[in-house]
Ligand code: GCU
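Just one chain follows, in the form predicted on its own, and it is written as structure tokens.
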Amino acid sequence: MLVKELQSRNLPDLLTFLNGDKVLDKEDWALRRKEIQNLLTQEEYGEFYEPPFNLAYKTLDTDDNYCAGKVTLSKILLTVELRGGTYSFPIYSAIPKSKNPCPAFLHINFFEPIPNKYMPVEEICDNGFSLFSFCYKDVTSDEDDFSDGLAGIMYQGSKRTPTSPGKISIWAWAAMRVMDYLQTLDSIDKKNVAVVGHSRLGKTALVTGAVDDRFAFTISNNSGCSGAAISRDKQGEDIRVIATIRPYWFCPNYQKYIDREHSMPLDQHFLLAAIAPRNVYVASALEDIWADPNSEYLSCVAASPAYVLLGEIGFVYPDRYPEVGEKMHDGSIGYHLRAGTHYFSRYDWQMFIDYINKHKNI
């Protein structure tokens, strides 16, 4: 059933090079992955800015009695030094008082203070996870303005070129800098760090995981159009809508594919597959028609061959669309469909924790 559905959408073949040659082994995949990463940055999200010359961090505030004394909460100022100048943005960390290093979530967040409605900090920490969070607007605005925040430092007043970074790439770049900071902490199990985001920030998490191999888990919650969902024949939001209303999320080249999804040399299963062989997780909501749960699910199916080629299990799923409350946690690609609308719920976090505990690196 699902194979026929994917065939009807006429997706570009994940395991075929642009020149028509087939991807036959792991060595071929390494080259194909670079080709896919180039497509994603050149045609959709924009090129990534170079790493900073220097990264500095300063603890602004600490609460050792957070969560009844079980957790240390800190506010840290991260400063990056770039060719165009320096920029600082705050992050929060909530680290359980554990004798052993803890796995961690890096949450690209809609909010600065924690906890908040999208992040049940105590519950996450009680499950043995550290939590790092930054507000995306503290990095650069969610507007068509590339003169503010980190974008202003990167652009230096220059005009956007066809492949210039959109805001999603800039937010993802900032997440990579937080990961740089995590590498300095002995309290973190660096083999089991997950990047996670919801909605537009779920798209951002996927882009982060596709370019930064240090993340063992990449998690998108309700990321929809130009995130986890297949673009061809997608229901709800499509490229015309998203590239017209939010063109600044992407590079200008993405405009070429308005009403021309079937001409794209890529689709969103390429984004999921670029994370292989590391784990990727897609979460959908039954009533989130704008994101299109079916197209998010099909993307997991279509990305699976890359994992299988690399000797991983891939996506373990029934040959049908999922039922509400159903989870697929057996493979390298995880998925669940919950009841309700576009939201980041406690249930979603519980599913992510369950999946990581099942697949974490020893």
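Keep in mind the model is a prediction, meaning the values are calculated, not measured. Throughout, we count residues from 1 along the sequence that is shown.
The form predicted together with alpha-D-glucopyranuronic acid exists for this protein as well; it is not shown, and the discussion that follows is about that form.
- Within 4.5 Å of alpha-D-glucopyranuronic acid in the predicted complex, a heavy atom is found for all three of Phe110, Arg200 and Glu237.
- With the partner omitted from this view, the residue of Ser169, Ser223, Ser93, Thr140 that lies near alpha-D-glucopyranuronic acid in the predicted complex is Ser223 [heavy atom within 4.5 Å].
- Here is the short version: of Leu266, Ile188, Ile242, Met179, the single residue with a heavy atom within 4.5 Å of alpha-D-glucopyranuronic acid in the predicted complex is Ile242.
- Residues with any non-hydrogen atom within 4.5 angstroms of alpha-D-glucopyranuronic acid in the predicted complex fall in just one of 95-103, 153-161, 205-213, 242-250: 242-250.
- Interface membership of His342, defined by any non-hydrogen atom within 4.5 Å of alpha-D-glucopyranuronic acid in the predicted complex, is confirmed.
- Contact residues in stretch 272-298 (any heavy atom within 4.5 Å of alpha-D-glucopyranuronic acid, taken in the predicted complex) are limited to Trp290.
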